[in-house]
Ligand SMILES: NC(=O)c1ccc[n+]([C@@H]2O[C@H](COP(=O)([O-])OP(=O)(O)OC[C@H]3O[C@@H](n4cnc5c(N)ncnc54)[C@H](OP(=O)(O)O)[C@@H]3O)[C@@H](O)[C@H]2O)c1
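Given as structure tokens, the chain that follows is alone and in the form predicted on its own.
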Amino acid sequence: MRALIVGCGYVGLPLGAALVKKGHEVFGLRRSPSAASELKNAGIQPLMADITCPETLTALPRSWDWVVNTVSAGGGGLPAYRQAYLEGTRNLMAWLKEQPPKKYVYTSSTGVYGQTDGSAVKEESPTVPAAETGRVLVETERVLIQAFREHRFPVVILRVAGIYGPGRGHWFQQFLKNEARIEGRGERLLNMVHRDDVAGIIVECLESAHSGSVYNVVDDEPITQWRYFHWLADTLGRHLPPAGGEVEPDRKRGLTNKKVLNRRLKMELGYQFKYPTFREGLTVEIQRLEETGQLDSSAGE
């Protein structure tokens, strides 16, 4: 298959490498040529364009079997979200209109869910987030679902939890820097998924998911903040972060507390997680940091 990965970065790079290994012809789209050598080293053919500037798309080839949109808003706020996700998706849809792909996978976010009561969340659960950024994500999904319903556009939507992996993971990085704190009594649930599993799930969706499907992409164990930090403290021989602080809304996602379920993903696609919980994933990352001398064993003592 001829595949295009839009926003071929933290997730897109290992995804592209996995597709190349399977014998597919893979192209990676980035805004800047600076990553060209990294893409080429993975066997991915680099393309340069910015989906927020539709005129930059016109010179690109349009014949694709698979298109994956893994674009991120980066560190920006609401304007960046609207531009990268909503307007970027509309621009891509217009560009692909004449020659739609056989499959289009879009990485959305569990930020579309606004539940705050610790309840279990399935794909059918209400998507009424309090955060404005979450509402942009919901609106973007609606654009894609409407395209499927009206024009049979072959979209699969993945609602991805907090991604961690090599060099990434908000709570883990905060802990390593001694900047973490336990909010309230640490009862808020954290929903996570390893970067490599996100890539693996996208491959599975390209190969076998039905168009119009929506899947929660999250590992098998949503964990309370207290239990998460307690495991890290025990594993690394460090003190627990200070407790009792005010529970503050995430500046992008707002304050949520929910248990996101992955049952549909496992039942319909039969996906087997490489890292079923954060414990397996962070054990590998901790070993990597130790082997490369990046883990300060004296910190927190």
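Please read all numbers here as calculations on a predicted model, not as lab measurements. All residue numbers are counted from 1 along the displayed sequence.
Just so it is clear, the following notes concern the form predicted in complex with the ligand, a form of the same protein that is not shown.
- Judged against the ligand in the predicted complex with a 4.5 angstroms heavy atom cut-off, the residues T70, T107 and G162 are in contact without exception.
- Under a 4.5 angstroms non-hydrogen atom cutoff, the ligand in the predicted complex lacks L4 among its neighbouring residues.
- Shown alone here, N257 lies farther than 4.5 Å from the ligand in the predicted complex, counting heavy atoms only.
- When contacts are judged by a 4.5 Å heavy atom cut-off, L29 counts as touching the ligand in the predicted complex.
- At the 4.5 Å threshold, heavy atoms of R168 reach the ligand in the predicted complex.
- Checking Y215, Y85, Y113, Y228 for any heavy atom within 4.5 Å of the ligand in the predicted complex turns up a single hit: Y85.
- Exactly one listed residue, out of L261, I51, L232, A42, brings a non-hydrogen atom to within 4.5 Å of the ligand in the predicted complex: I51.
- Stretch 31 to 39 is the answer when you ask which of 59 to 67, 232 to 240, 263 to 271, 31 to 39 has residues with heavy atoms within 4.5 Å of the ligand in the predicted complex.
- In the predicted complex, not one residue of 189 to 218 has a heavy atom within 4.5 Å of the ligand.
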